[in-house]
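Single chain ahead, by itself, as structure tokens, in the form predicted alone.
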Amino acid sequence: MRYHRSDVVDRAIAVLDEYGLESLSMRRLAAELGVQPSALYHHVPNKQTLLAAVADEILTRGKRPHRAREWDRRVVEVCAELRDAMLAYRDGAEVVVTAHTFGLGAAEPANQLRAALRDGGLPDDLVDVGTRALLHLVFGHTVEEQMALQAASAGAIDRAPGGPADFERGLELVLDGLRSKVGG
């Protein structure tokens, strides 16, 4: 049977979601697809490239229509979409954060945030800092939330993770600071 890159990525996401990142190896993926590991290298040259493609696909699957017109509401939409996309898959946050951090993929949310901050009139020297601050909030909150959800489901902790309300409050605090710098 002949596979396409999209088949490999789709199966990788299924393995990720079912078994977790620690079990997503090229060998495991090849076994899931019924091919030799060497056959995967025709589609992805290494695991880092595979993880970048998985991260991009997680974000693609999480896309929603953007309706906000005001810059700060656009920021909220992008951040909420990013959080929800990462939470949709087991270890999705770790995969997306890793791909972004290493510059391997998952760049679209950062580009969207930069555009919104520029459109909002944030001074050029603060656009990148503001974008990173927003991404740090989303990434950090989501990684912790995902870990807590997994730990709670395994009975390892008995506290509820900070959910959407906690995330939204934190995001508004960062936005308040960014709004204070607009035109200033």
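Worth saying up front: this structure is predicted, and the values here are computed from it rather than measured. Residue numbers here begin at 1 and follow the sequence given.
Only in words, not in the display: the form predicted in complex with a further copy of the same chain, which the text now covers.
- In short, of 140 to 148, 64 to 72, 27 to 35, 49 to 57 it is 140 to 148 that has heavy atoms within 4.5 Å of a further copy of the same chain in the predicted bound form.
- Here the marked residues A133, D166 and R169 all reach a further copy of the same chain in the predicted bound form, each with a heavy atom within 4.5 angstroms.
- Put simply, of A115, A152, L126, A39 only one has a heavy atom within 4.5 Å of a further copy of the same chain in the predicted bound form, and it is L126.
- Taking the partner from the other structure, a further copy of the same chain in the predicted bound form has no heavy atom within 4.5 Å of any heavy atom of R90.
- Under a 4.5 angstroms non-hydrogen atom cutoff, a further copy of the same chain in the predicted bound form has K181 among its neighbouring residues.
- Remark: G162 counts among the residues lining a further copy of the same chain in the predicted bound form, judged by a heavy atom distance of 4.5 Å or less.
- Taking the partner from elsewhere, T101 is found to have a heavy atom lying within 4.5 Å of a further copy of the same chain in the predicted bound form.
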